[in-house]
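The chain below stands alone, shown as structure tokens; this is the form predicted alone.
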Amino acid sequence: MKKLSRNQTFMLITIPVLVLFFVFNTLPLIKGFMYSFTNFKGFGSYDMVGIRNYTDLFTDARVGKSYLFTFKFAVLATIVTNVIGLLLALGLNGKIRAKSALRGIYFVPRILGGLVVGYIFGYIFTYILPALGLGSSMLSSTKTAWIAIVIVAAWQAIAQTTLIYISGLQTVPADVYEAGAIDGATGWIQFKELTFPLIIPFFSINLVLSMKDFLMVFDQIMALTKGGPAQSTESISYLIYQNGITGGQFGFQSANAVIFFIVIVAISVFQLNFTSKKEEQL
């Protein structure tokens, strides 16, 4: 039997992966784009409607409200996650006892599913906190429900963010700090002038990943509020699912999904360009 060459072996490994990716990712994306030009309800026959779905998106108040909520949530959650993640990374990268064990403990939230975490926190917000005399459930008010979602989403995302920052901090040479100490750079000055400029690439990665994940928030909303109260926590992803899959607006929400995809790509490209320019300046 003829022995396969190195390149042939790689091809045999790659081709099945590409086929699976096309069938379960690319093909549904193409079909969704096609449905966005129809009045398809998710079942039965349908007709082509041209770009009507896209024009209707810009006059739909519910869609606009979901975009505003999603951006507000994503920006705040990204800031909270990266600030706390960086602080934890600085602490866990220092000379402390059992830091390897602590890193493992901090990563546990990332292992748990979003729905599981959401249901646990939902019980805490609805029953535990009110029983302790800390007011009514945060999930019952339009003013606090979105804050509860930020808390849960950030709590779960901080684990990955922290590990990425730790990886960045470990790439900073020790002699950089030694040279900085000679010049009197300590504390905040050391972080501002030495540490942060050297971990900008890792900051860029965390910024893009955090923003992308939070813009696509779904599990936490599904478990905690289901878009309520009064649709005040309805994200774009949840709206696409709710009205597209179960609400008979498959074609319309497919158009919404296409626009949302373009928005996420545009934001990610902007973030990468912005941070790359900062890297060049430093």
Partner chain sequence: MNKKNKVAATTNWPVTILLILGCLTVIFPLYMALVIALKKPSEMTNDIAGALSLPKSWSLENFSEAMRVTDFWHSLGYSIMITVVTVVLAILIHSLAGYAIGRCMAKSKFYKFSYLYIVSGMFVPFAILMMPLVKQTAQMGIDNWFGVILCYLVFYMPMNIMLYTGYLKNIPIALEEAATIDGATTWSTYWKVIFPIMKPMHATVAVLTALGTWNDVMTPLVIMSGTGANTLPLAQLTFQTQFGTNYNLAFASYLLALIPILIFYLVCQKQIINGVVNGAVK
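Basically, rigid core = biggest C-alpha set you can superpose within 1.5 Å across the two forms. Positions refer to the first chain, counted from 1. Source: prediction; values computed, not measured.
Another form, the form predicted in complex with the partner chain, is not on view; read the next lines as being about it.
Enquirer: Since exactly one of Val83, Ala179, Val75, Ile128 fits, which has a heavy atom within 4.5 Å of the partner chain in the predicted complex?
Expert: Exactly one residue meets the criterion: Ile128.
Enquirer: Give me the residue from Leu163, Ile147, Leu198, Ile79 that has a heavy atom within 4.5 Å of the partner chain in the predicted complex.
Expert: The residue from Leu163, Ile147, Leu198, Ile79 that makes the contact is Leu163.
Enquirer: Is it the case that Gly50, Phe58 and Pro229 all touch the partner chain in the predicted complex, with a non-hydrogen atom of each within 4.5 angstroms?
Expert: Verified in the predicted complex; spot residues all out of contact, no.
Enquirer: Looking in the predicted complex, any heavy atom of Met211 within 4.5 Å of the partner chain?
Expert: Heavy-atom contact with the partner chain at 4.5 Å: absent for Met211.
Enquirer: Would Ser141 sit within 4.5 Å of the partner chain in the predicted complex, counting heavy atoms only?
Expert: Flag for Ser141 set to no.
Enquirer: Heavy atoms within 4.5 Å of the partner chain in the predicted complex: does Trp188 have any?
Expert: Contact with the partner chain, no.
Enquirer: Even though the partner isn't displayed, in the predicted complex is Tyr67 close enough to the partner chain, meaning a heavy atom within 4.5 Å?
Expert: Although the partner chain is absent here, Tyr67 would stay clear of it in the predicted complex, with no heavy atoms inside 4.5 Å.
Enquirer: Counting only non-hydrogen atoms and a 4.5 Å cut-off, give the residues of 203-242 close to the partner chain in the predicted complex.
Expert: Heavy-atom contacts to the partner chain in the predicted complex: Ile205, Leu209, Lys212, Met216, Phe218, Asp219, Met222, Lys226, Ser237, Ile240, Tyr241.
Enquirer: Taking the rigid core as the frame, does Thr26 move its C-alpha by 2 Å or more between this form and the one not shown?
Expert: It does shift by 2 Å or more.
Enquirer: Pro130: after superposing the rigid core, is there a C-alpha shift of 2 Å or more between this form and the one not shown?
Expert: The answer is yes, as the C-alpha of Pro130 shifts between this form and the one not shown by 2 Å or more after core alignment.
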